[in-house]
Ligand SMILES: NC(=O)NCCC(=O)O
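Only one chain comes next, encoded as structure tokens, the form predicted alone.
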């Protein structure tokens, strides 16, 4: 069994910061001890990694990605191979992607299809949530079986009528099932029925540009759906996780629920923290690059999102990585914003953007690790195997240079998409060396990973439920 020692770095977890050496045997962390102590000096290793002056952090856990996701007559441009490789470059070592049930099909068929896409192709470890597009007696029964097999979270949509949408009755029934089997309900909270009316009216008035995508998907309709989802979860006695929260009013609904002690959790994404409707309004159809749902909001919403991250009314930062190339994919919506494929690239950028938030004083270093590593691992049943550096944990570790300066650009990123949502953004900090289960997959400017290294992760239930 190979032994690796990481020496001299500042080990940062959600719980503490300590100058320590880390001993790895095979795929697991076996010990931590103070740098320079007699114990660490006695350690022998096949490989020694010098982390002096660097952070030693857990590999990122991105709990919301969509590799090869079919949408709007096309599919997300990152495959499991390209997307997980890009994630590794950015310091993320585990993703949880969404398997999709098709209407009229079983959950099992959807899950098997996603296993077939990912198996043997992933550079890092991965798990699956399950999208419920067709809530029936049969699919409700299947939910119990999936929880037993380690697929412990189920996403429903209040948006996209005719595609993924579930009405309140179906949502309630699925939530009741989660209350019984321990699963976690994930919710895309937007009032899709009302939004479709506003889309129709906007197009009839000749408002076809990308900026109208943001104008019709109103913040109040996100807040209304968030409120409704919370009340349905209370009726069902089920936990609730609201994905990609973008609006100040929706954060207020979550805060109120959490103040009541409810099992309600919120997630936001870097695009809502760093981008705004200014990007959606870019001329010459450039705004199409920034079409996602929930949509980007006016910049004044960002203060509420950062505050929610500090107060834990928002508990996780994921990417909702769902990239579509501008050429040939986003362009499908020229002349009709409702046909622009919804989604942004970002799986490679999340850890660096959140470190920039540390530099800018929005969050602390430990909160960075909590939001990006520890809490998503706990929320989705991967902790302490993932999300921390401790004896027994998988050796998913990033040696992170907090002083490296970089400019985010499509010219240098590794995602399979022809633009960057953060083009020209200057950030401080960069993953220098990335280990996945003890294997170095990124070393400086060299990629050493391979398809098939990543393993499927069966998950336990959410560890925050009270």
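Because the structure is a prediction, the values reported are computed rather than measured. Numbering follows the first chain given and starts at 1.
The form predicted together with the named molecule exists for this protein as well; it is not shown, and the discussion that follows is about that form.
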Assert contact_stretch over 177-185, 157-165, 388-396, 115-123 against the named molecule in the predicted complex, heavy atom within 4.5 Å, equals 157-165
Note to self: in the predicted complex, does residue 430 come within 4.5 Å of the named molecule, counting heavy atoms only?
What the structure shows: no
Report whether the minimum heavy atom distance between residue 320 and the named molecule in the predicted complex is within 4.5 Å.
yes
- May I ask you to check whether residue 29 falls inside a 4.5 Å heavy atom distance of the named molecule in the predicted complex? no
Using 4.5 Å between non-hydrogen atoms, is residue 110 touching the named molecule in the predicted complex?
no
Heavy atom within 4.5 Å of the named molecule in the predicted complex, from candidates 101, 293, 139, 329, belongs to 293
Only hit among 381, 343, 192, 308 for heavy atom within 4.5 Å of the named molecule in the predicted complex is 343
Contact check, 56-79 vs the named molecule in the predicted complex, heavy atom within 4.5 Å, ordered by sequence, gives 64, 66, 69, 71
